[in-house]
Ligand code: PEP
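To begin, one chain is listed below as structure tokens, in the form predicted on its own.
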């Protein structure tokens, strides 16, 4: 089953509207190559989304890094799926380990966020992954995290990003063999939930993906792209990762 490949940039708390030069550099590279089969998505901070969407070409899509589960109300500092939709945002990251850790996001809360995003036609990039202390019980941890997903979903509205928490920003990664094996096991898990549709769901790898290891990772049979952190903030590095996805 042919699945869509994605290279997704998570800028985290970096970047402003002045980062349009970075986006333009990436766009220029993509147009020059004209052979990249992966879809490119950039997820900047909320404050930069509007300006970047207006000033960028359609070959790059944009996503938010979070969303509230309600569409409106007395939730100071929060952003709703309705707001993102009206802004022209197409994707949203939900369940990133940093938000699970620092904002104490629960399985139930993440489920509400996913349902809210899907109701406004946002494609969800749902992050799962274990900490260093949880490696021995990885399977049960991932299964529990996947319960946030609705009982029925498809590859058209959900992307799963496996990010071992212990690898994010550390320069450490599981072995190539381990990455492929874990991705296979995740697909089996979602197959138990949605059946044959699981073969159409893109499962990405994240966690210290860079220009040096991306080719090995992205050529794995069960890896459908990458969620890239720090390396996405430098055009040259990110473009090398894009090229390795061909």
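Since the model is a prediction, treat every value here as computed from it, not as a measurement. Numbering follows the first chain given and starts at 1.
Beyond what is shown, the protein has a form predicted together with this ligand; the following relates to that form.
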So, in the predicted complex, is residue 169 in contact with this ligand at a 4.5 angstroms heavy atom limit?
yes
Would residue 130 sit within 4.5 Å of this ligand in the predicted complex, counting heavy atoms only?
no
Answer for residue 223 alone: is it within 4.5 Å of this ligand in the predicted complex, judged on heavy atom distances?
no
Should residue 15 be counted as a contact of this ligand in the predicted complex, where contact means heavy atoms within 4.5 Å?
no
Looking at 42, 209, 49, 67 here, can you tell me which has any non-hydrogen atom within 4.5 angstroms of this ligand in the predicted complex?
209
Within 4.5 Å of this ligand in the predicted complex, heavy atom basis, the matching stretch of 199-207, 183-191, 215-223, 56-64 is 199-207
What residues of 84-118, in sequence order, lie within 4.5 Å of this ligand in the predicted complex by heavy atom?
96, 98
